[in-house]
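Just one chain is shown here, as C-alpha cells, and it is the form predicted on its own.
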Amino acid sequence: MTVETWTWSIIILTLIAYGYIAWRTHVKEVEGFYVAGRGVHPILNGMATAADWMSAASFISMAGLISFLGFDGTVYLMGWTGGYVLLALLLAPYLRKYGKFTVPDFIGDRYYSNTARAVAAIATIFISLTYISGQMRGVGIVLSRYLGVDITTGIITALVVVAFIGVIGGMKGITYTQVAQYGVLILAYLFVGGAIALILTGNPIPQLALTFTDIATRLSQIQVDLGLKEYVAPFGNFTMLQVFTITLALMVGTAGLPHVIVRFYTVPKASDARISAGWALLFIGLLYTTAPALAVFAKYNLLQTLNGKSIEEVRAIDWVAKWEKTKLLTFYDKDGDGKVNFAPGRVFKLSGGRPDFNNPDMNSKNEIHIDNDIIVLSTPEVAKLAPLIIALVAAGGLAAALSTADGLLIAMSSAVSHDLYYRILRPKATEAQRLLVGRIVIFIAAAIAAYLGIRPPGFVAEVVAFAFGLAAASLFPPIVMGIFDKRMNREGAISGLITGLVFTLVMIGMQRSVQIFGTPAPLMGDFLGINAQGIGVVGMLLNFVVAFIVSRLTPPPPKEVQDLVEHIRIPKGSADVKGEGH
C-alpha cells in the first residue's frame, strides 16, 4: 500500500479508537467530568500526564528546533524537562492533598477571594488558548501533508474529534484516551529514532548512537563548510541571557500549567500523585532523550540528501514533491545554476511574519526553505523507511497534538463552568446545569482554537513557549506563595497575578505584533535583551515582588486560611487525604 493509504487507515483507526474510549468512559457527574472521579491508577495517570504534557511541540517541533538551532535549541529540552521535575517535587503533592477540582479553585480558596478565583480562571483561559493554537498548527501540518486536505479542513476535523471526546467523556474519557495516545506517539517516535540511528550509525538505540559516534562532529563540519554556524557552538541564535530566560520561563511555566496540574487531582490520594509523577517522568524521558539524537540524525541526513543536487533531481524525489505542495519545503534558484544550495539567511522575505514565496530575499544565498516543524515528520521518508512507519509517525504527531488539546479544552471548560459559573455566578446551580455549561464551553473553546490554529503566531514550539511564559508570569507565583508563605494574602496575590499576566501579554503582543496584529514591523524588538519566549521570567519576578510588597502592607489572611496552609504542607497523613471536592 502507498504511504497515503497506510496513513488514512491508521489515522482513521486511531480516531475511532479514541472516540470509542470516550464513549465507553462517558460521565454523568461533575467529579468524573472534572477529575475523572479521582480513581485513575498512578501508572495510567503517568502515561496520561506524559501525553497531556508532551504536545505537538515535543513530538513535531522540538527536534526541528534543535536541528536548526543546534546547541541553542536545547533550551526547550532543558526547560520542559526541568520544569516537570520542579512541578512533580515542589507543587503536585501539595495541590493533590488540597483536593479540589482546578487551579483557580485552589487560588480562590487559599486567598479567600472570588476576585482571585476569577483572575486565575481568566489566566487559565489565556494560557490554554495560546497553547492550543500551537497544537492545531501541528494537526494542520500532519493532515495537509499526509491526507492531502487543506490545513483549515484538517484543523476543524481534528477539533470535532477532540470536542467529542471532551464533551462525552470529560476528564475521565480524556484520561484513558490520552493513555492510548501516549502509546501511539511514543511507539512512533522510538521507531523513527531507532530506524534512522541504525541507518546512519549501525546502532538502533538513538541515545547510544549519538553518544558513541562522531556524527554530531561531522554535522558541525558540514555546516561550517556550507557557511552555516557550527552545530554544537553555543549562543549562535540566542544570547546567554536569552538562553537563561527561555529555559527558566519554560521550567516555571511547566510548574504553572493548569491542564498539567489538574492531572494530579485524578489519582486517589496525595501519595499517588508522587508515584504518578515518577512514572510520568519515565514516560517523558523516553521521548526527550531521543529528541536530540533524532535532531542530529535528521539534519545530517537532510543535508546529505539535498545539498548540491540539481533542482530537477531533488523535485523528482517523491517525498520532496509532496512536502513542496504544503509550502513547508520550497526552493528558489537565486544564482541560476540549477542546484539547491544551503547557506545562511532566509530564502524569502517575510510578510506578516511568514515567508512571502513570491518575494525572494536576494541578500541571502540560501535556496532552500525548510519549516522547522517538518523535521520529525519528514525524516522517515528521507530515510526511505517503510510506508507503515511513515504512517505511524503521522499518527503519532496527530496523537501528540490531540492529547494536549483534550487537556486544554477541559482546563478551559473547568475554569468557566466550575470557577466562574458555579463558584461565582450561580452557586446554587445543579450538577446537570454545571455539566451542560462545561460541555458548551468545550465547543466554544474548540471554535476559537480552530481560528488560532489557522493563524498561529510562530512555530509550534514557539507558540507553546508563549503559553509557558504566561503560566510562569501568572499562576506559578500565587501557587508557590499560597503553599509556602502563610503571610501571603488576597490583596498581594491578586495584584501580583494581574501585574504578571498583563505585562507578559503586552510584551508578547508587542514583540509578535506582526504575526498577531499584522503590523508592518514588531512594535518592540525585545525587552532589555529578553525575547518573547523568555519574557515570562520578567512577568514572574514582577508578580512575586508586587505580591510580596502588597501583602506586607495589608492585613494578614484569616487564621483559618493560615491553618489551611499548614495542613497542606504537613506530609504526615497525606496518603489518607482523599479530597472530596465540591
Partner chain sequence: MDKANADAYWKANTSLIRNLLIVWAVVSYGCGIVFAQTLNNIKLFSVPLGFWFAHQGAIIIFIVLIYVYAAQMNKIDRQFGVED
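Positions refer to the first chain, counted from 1. Everything numeric in this text was worked out from a predicted model, so none of it was measured.
Although it is not shown, the form predicted in complex with its partner chain is what the next lines describe.
The partner is not drawn, yet in the predicted complex one stretch among 332-340, 80-88, 157-165, 171-179 has residues with heavy atoms inside 4.5 Å of its partner chain: 80-88. Looking at R569, you'd find a heavy atom of it within 4.5 angstroms of its partner chain in the predicted complex. Its partner chain in the predicted complex comes within 4.5 Å of no heavy atom belonging to G194.
Its partner chain in the predicted complex is not approached by P557, whose heavy atoms all lie more than 4.5 angstroms from it. A residue is said to contact a partner when one of its heavy atoms sits within 4.5 Å of a partner heavy atom; A216 meets this definition for its partner chain in the predicted complex. Residue T247 is the only one of N372, T247, T102, S417 with a heavy atom lying within 4.5 Å of its partner chain in the predicted complex.
L282 is the sole member of L350, L282, A447, V224 with a non-hydrogen atom within 4.5 Å of its partner chain in the predicted complex.
The putative spot formed by Q207, F212 and I275 is fully lined by its partner chain in the predicted complex; each residue has a non-hydrogen atom within 4.5 angstroms of it. Contacts to its partner chain in the predicted complex (heavy atom within 4.5 Å) from stretch 249-274: M251, K269, A270, S271, R274.
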